[in-house]
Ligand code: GLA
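Heads up, the chain below is alone and in the form predicted on its own; it's given as structure tokens.
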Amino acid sequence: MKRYFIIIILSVAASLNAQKFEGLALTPPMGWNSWNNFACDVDENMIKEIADAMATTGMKDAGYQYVVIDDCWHGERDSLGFIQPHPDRFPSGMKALADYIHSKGLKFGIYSDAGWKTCGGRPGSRGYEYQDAMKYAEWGVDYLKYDWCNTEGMNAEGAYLTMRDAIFKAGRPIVFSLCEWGNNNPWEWAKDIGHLWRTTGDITNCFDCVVDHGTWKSWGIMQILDMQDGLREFAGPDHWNDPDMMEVGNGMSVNEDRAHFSMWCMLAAPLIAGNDLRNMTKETIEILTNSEAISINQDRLGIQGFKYSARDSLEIWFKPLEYGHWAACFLNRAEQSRVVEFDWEENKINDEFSKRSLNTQSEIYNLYNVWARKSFGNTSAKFKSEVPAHDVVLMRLTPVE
């Protein structure tokens, strides 16, 4: 009996000593994931080409780091239970692929699932968490997306704690992305477990729609945006709300892509591209690499933006930034253009969460249009502009010295 008590005590002690690797995501992670465009059609040659494109199209220079293979890379487990990559799709092995991605100055990400099987029916990590974490560390993995399919009867917090502890025990710092779709309110318990957590089900490349798959739904950009209401207080450096990977470049209009990217920047959301980086239009590259928009997303305060007002399908959002700067975004959800008029002096913006105020009665701010890439006056005059359908006007406000 004493022996069992000792084992239990040692097990509890080991759990208490485990933790997530801190400081890996002090700003929202930026990278690329295979799922939105390729689903299960992944192989090592394509992933190498994506890494090449990230390094040469301006994506890397803009801050994108992670090349993440989503579901369906898996082969079978070996006789000892260690997971292997699919021998036909990844004949060189994951270590060689990770080395290639690292040689480009990028980081390597991979996918697994807390259940018996992944969403694509491949081997999940349930019961093999420590072995899988050891293998990821051996391969040189830098980022793990951990899904929630086939988890009937499991406790979400416990399942993600187990993989967190396994990653820590394996000894390699890995960004841990929890993908349990917000079903169990991860924002309430995941801060000390992972670096980001999904707040919704899967996104789809539609600005404003719901796609019903029968047993589950995928959501348009505006639907997912609405689901973020009330969650900003849970996000910050090293622990981010994740409204899912982006659909920029996957078939929406340029206006819609620009609005989508702008709102993810305002949300301080992870910027994980989901398009084919090898075949991007000039407009897609310009959206994904806009340095001023990205600087709003990557602001070191790590404060998620908030909706200030909404009227006639026109929303006004604000986001506090460091050095007393602010971001303002005018979002037009309508199918027709809207004219926005905003009197800065009559609208004092008080953000109780961040304890920051935008008071243009006591201080004047210069206005910079992020997408037009030009300055246009300051807050001493009323702001008036036409916002095209399904588009935005995104601005940085800088105090006049």
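Just count from 1 along the sequence shown to find any residue number. Because the structure is a prediction, the values reported are computed rather than measured.
Note that the form predicted in complex with the ligand isn't included here; everything after this is about it.
Annotation: in the predicted complex, residues W32, Y100 and Y143 none come within 4.5 Å of the ligand through any heavy atom. The contact residue chosen from G120, G115, G236, P173 relative to the ligand in the predicted complex is G120, the criterion being a non-hydrogen atom within 4.5 angstroms. Shown without its partner, this chain lists K135, R198, R164, H325 as candidates; in the predicted complex, only R198 has a non-hydrogen atom within 4.5 angstroms of the ligand.
Residue contact check for W181: one or more of its heavy atoms lie within 4.5 Å of the ligand in the predicted complex. By the criterion of a heavy atom within 4.5 Å, D147 is counted among the residues contacting the ligand in the predicted complex. The ligand is not drawn, but in the predicted complex it has no heavy atom within 4.5 Å of F261. The closest heavy atom approach of M245 to the ligand in the predicted complex falls within 4.5 Å. Just one listed stretch, out of 328 to 336, 24 to 32, 66 to 74, 355 to 363, contacts the ligand in the predicted complex at the 4.5 Å heavy atom level, and that stretch is 66 to 74. Applying a 4.5 Å heavy atom cutoff to the ligand in the predicted complex picks out no residue from 304 to 337.
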